[in-house]
Each structure stands twice: as structure tokens, then as C-alpha cells.
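Before any questions on how it binds or moves, here is one chain, the form predicted alone, in C-alpha cells.
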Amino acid sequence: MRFAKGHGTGNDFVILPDPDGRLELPAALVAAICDRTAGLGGDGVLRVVRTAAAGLGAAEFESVGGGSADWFMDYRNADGSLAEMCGNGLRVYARYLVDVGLAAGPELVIGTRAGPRLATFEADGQITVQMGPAQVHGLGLATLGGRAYQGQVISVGNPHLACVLDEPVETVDLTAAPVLDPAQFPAGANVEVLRVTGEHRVQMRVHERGSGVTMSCGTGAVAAAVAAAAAAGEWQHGAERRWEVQVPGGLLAVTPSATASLLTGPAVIVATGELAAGWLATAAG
């Protein structure tokens, strides 16, 4: 089994090329690959598969930005669970496709479980991905480290609770999985804590559903920008302004939108290799 390793602002992924859809990826194998002690280590797995070979419905085949989604980003969280979307993963996925010659820039469309997404390679080497609409669904609560925090319930193709704080985000204990209302979040959610640090600037930390504390989260950055824009009164008036989101792994730029949010940041391919057959046989059970 061939692999590549990449990251976007420290949000790291194991990339598994599988153009013809032949790989079997049970949750236990994904978790073993993402194990940071006994595996390769990663916040998740990106399976690179042709959309036509992925056995998907019509939504992932749709055209966006004048192109069709020839490739599908099959994203799995570190625990092996399926995820609808991953903003940092989209940029890394796009970088991999172009680097190995499976696609050509400066624009390409990638299928996801949240629908097709457009990736654009910028002149400075960064990548902008169209993240789809952000939707605000009112207020919710999360218990983090024994404390209750109120936040905005936001969908960016996947569920989020973005909590705007008056205190430094480093004071919040994110080590344990957030306690959420299962009626409000039946499939769980990513939880962001954020603080406005300047004009259209926020600092954010995140606990990702299925992956735990990560250095960055692309959809979480969008949710954070939406929550900050709502707190500033901009979201309610339809203003679409660019926000800088500082995460532990670097800096992202977000233009939140109810129709087509944009996320810009770096994407790096670190290494390529092959999983040892003996390890793979053991990990696969």
C-alpha cells in the first residue's frame, strides 16, 4: 500500500492513492495508520479515488466553477469514522493531485461527501478552496474540562459549535471530548474556542470530532470566522469580509459566506513511501 504524508497548517494527513477504488479501509486499519506511536501518524486519511470508481451518488458528480469532479476525497477521521468535509484536507488533496500529475491547475474540482468543491492555486503557492455555504442554526452548549461554554451552532458541510470567548483560548481544556447535547448534535460536532484579537482577526483552537485536539481545522476556521462575524453584527447583514484565523499550526484566511465560503492557506506534501507488508497484515487484522 503506497502512501504520502502531507499537512495544511499542521493538520496532517496520510494520503492513500487508490484511483480505481480497490482499497478496503476498515475503521481499525485507518486508526492504526493514524496512530502516532505505532503507525504513520495523522489527523486523518485521504483516499485518492476517481469519482466514477467511488460508488457515489449524483451529488458528488455535480459541476462547480465550470468543471466536473473527476476525483473524490474520501476522508476518514483518525478513529476511522467517515467525515463529510475537511478544508485543510482539501488543499492537501489538491496539492497531491497536481504534484503527481493526476490533475492540472490552476483550478480543479474535487468531490466530497458535502458536494463538489473548487480548489484554486494562487500565485503565492497557497491554495484557496470553495467551502460551500456556511449556515447558522442558533445557540448551543458544550462542556469542556468541566466548564460550560455557549457557542453558535454552524454547519460548514459538517457540524460545528464555535464559542467566542473573552479569555485567552489557551485557558480552555480541550483534551477530553466535548460533552454535547445529543439531541442537538446526534452525530457529534467539532468544537472551536476563539477570541477576537484585532480587526477581522481571531485566534482559534479546536477539538475535532473523531480526531481530538488538532493543530488546525479548515472547516473550523470557517465556523470561527462566521461566529466572529455574527458577534460583530456583520453576518446578520450579509457582509462577506476576509478574516485571518490564527491556529496553533499557522495562519488561514477565510471569507465566510452563506453561499460560498472561501478558505486560503498552505498545503505541503512531506514524504511518500510504502507501508510494510508485515505491519499492514497485522494492522488489517
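From 1 onward, residues are counted along the sequence shown. What you see is a predicted model; the values in this text were computed from it and never measured.
Separately, the form predicted together with another copy of the chain exists; it is not shown, and the next lines address it.
*Asks:* Among Leu16, Leu262, Leu25, Leu275, which has at least one heavy atom within 4.5 Å of another copy of the chain in the predicted complex?
*Replies:* Partner contact (heavy atom, 4.5 Å) among the options: Leu275.
*Asks:* Would you kindly say which of Leu29, Leu40, Val48, Ala54 lies with a heavy atom within 4.5 Å of another copy of the chain in the predicted complex?
*Replies:* Residue within 4.5 Å of the partner: Leu40.
*Asks:* Using 4.5 Å between non-hydrogen atoms, is Met215 touching another copy of the chain in the predicted complex?
*Replies:* Result yes; Met215 sits at the interface with another copy of the chain in the predicted complex.
*Asks:* Would you check, heavy atoms only and a 4.5 Å threshold, whether Arg36 touches another copy of the chain in the predicted complex?
*Replies:* Yes, contact at 4.5 Å.
*Asks:* With the partner left out here, check for me: in the predicted complex, does some heavy atom of Gly21 sit within 4.5 Å of another copy of the chain?
*Replies:* Judged by the heavy-atom cut-off of 4.5 Å, Gly21 is well away from another copy of the chain in the predicted complex.
*Asks:* Select from 240-270 the residues with a non-hydrogen atom within 4.5 Å of another copy of the chain in the predicted complex and write them out in sequence order.
*Replies:* Stretch hits, in order: Val268, Ile269, Val270.
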